[in-house]
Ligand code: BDR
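Next up: a single chain in structure tokens, the form predicted alone.
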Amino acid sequence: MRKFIIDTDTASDDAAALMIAAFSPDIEILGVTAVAGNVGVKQAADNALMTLQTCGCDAPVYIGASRPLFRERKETISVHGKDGMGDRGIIHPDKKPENKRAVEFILDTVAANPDEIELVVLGPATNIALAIMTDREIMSRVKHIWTMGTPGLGSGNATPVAEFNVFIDAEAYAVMLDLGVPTTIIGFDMCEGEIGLDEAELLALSHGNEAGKFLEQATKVILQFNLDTRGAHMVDLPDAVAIAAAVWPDYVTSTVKCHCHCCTADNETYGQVIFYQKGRTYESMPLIDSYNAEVVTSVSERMFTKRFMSMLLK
């Protein structure tokens, strides 16, 4: 049984990601840690609790950072609604978050399970960075980090060069990249195109199981956003696309080792991650002998849709 801690700023695509883990028989979610990002940290925790409840999963949820490491929290215009879950009045969890704080939970759990814990980082990396800054030795015993962050080898969505999760707290992402444990990056470039839920699939979810019906409601605002901005009757699920790489190894069809540098200067490059790819020579940096991440460069869109839908239609 693989042991996951999922760190999330729970909006509707994070909810879809939590569902993939919750319904996977070989994954044990030891805990979910909430962070401010798409929504405030308390809302993120409640959204996670409600999502897990619809899946019949009793994993505990812990409240983490309410702001980035060194900067004021940026107010973002959410494409997921004010509550991050479609503003449909569906967030009313029976449980409450745990009293223990997220960083304390992460450190205690990694210490108790050295070289076994896989961290799935679906939002800004603030909680992970705080845990590293508190006790780097313990965090060096993390087995693997899976992160939905950066534009990958494509363009950003927060700025032309920066992806939202990194842009919210680039300093935290830089700390996480520097930890030195095996890390896999699933960038925003893997979440574009046809991967997601189309009109027929959304209709099917409305007649699916409890989690499927919940997700169909939670994605109403992002569906309208896509209709208004792209004329596309579809819902993107970046965090679900990312966690699928951790849960379904055969869904990833290609990767490249990279030396990744996160830009934290207060200018137009803030939040950009520069990828020096293995096998390529760069005049400015000809000798690269350390690669701190594996970057996913292609996935099976068909496999994602088939497995995801079958999970929510049972």
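Quantities reported herein were computed from a predicted structural model and do not represent experimental measurements. The numbering used is simple: start at 1 and walk along the sequence shown.
The same protein also has a form predicted in complex with this ligand, omitted here; what follows describes it.
Student: Within 4.5 Å of this ligand in the model of the complex, do 13, 122 and 165 each have at least one heavy atom?
Tutor: Contact check passed for all of 13, 122 and 165.
Student: Heavy atoms within 4.5 Å of this ligand in the model of the complex: which stretch in 109-117, 86-94, 192-200, 231-239 meets that?
Tutor: Of the options, only 231-239 has residues within 4.5 Å of the partner.
Student: Can you pick out, from 148, 102, 176, 244, the residue that has a heavy atom within 4.5 Å of this ligand in the model of the complex?
Tutor: Flagged contact: 148.
Student: Identify which of 224, 134, 209, 157 has a heavy atom within 4.5 Å of this ligand in the model of the complex; exactly one of them does.
Tutor: Looking at 224, 134, 209, 157 one by one, just 157 meets the 4.5 Å heavy-atom criterion.
Student: I'd like to know whether residue 38 contacts this ligand in the model of the complex, with contact meaning heavy atoms within 4.5 angstroms.
Tutor: Answer yes; at least one heavy atom of residue 38 falls within 4.5 Å of this ligand in the model of the complex.
Student: At the 4.5 Å heavy atom threshold, is residue 188 in contact with this ligand in the model of the complex?
Tutor: Residue 188: yes, in contact with this ligand in the model of the complex.
Student: Suppose contact means any heavy atom within 4.5 Å; which members of 79-104 contact this ligand in the model of the complex?
Tutor: Going through 79-104 in order - heavy atoms within 4.5 Å of this ligand in the model of the complex - there is one hit, 80.
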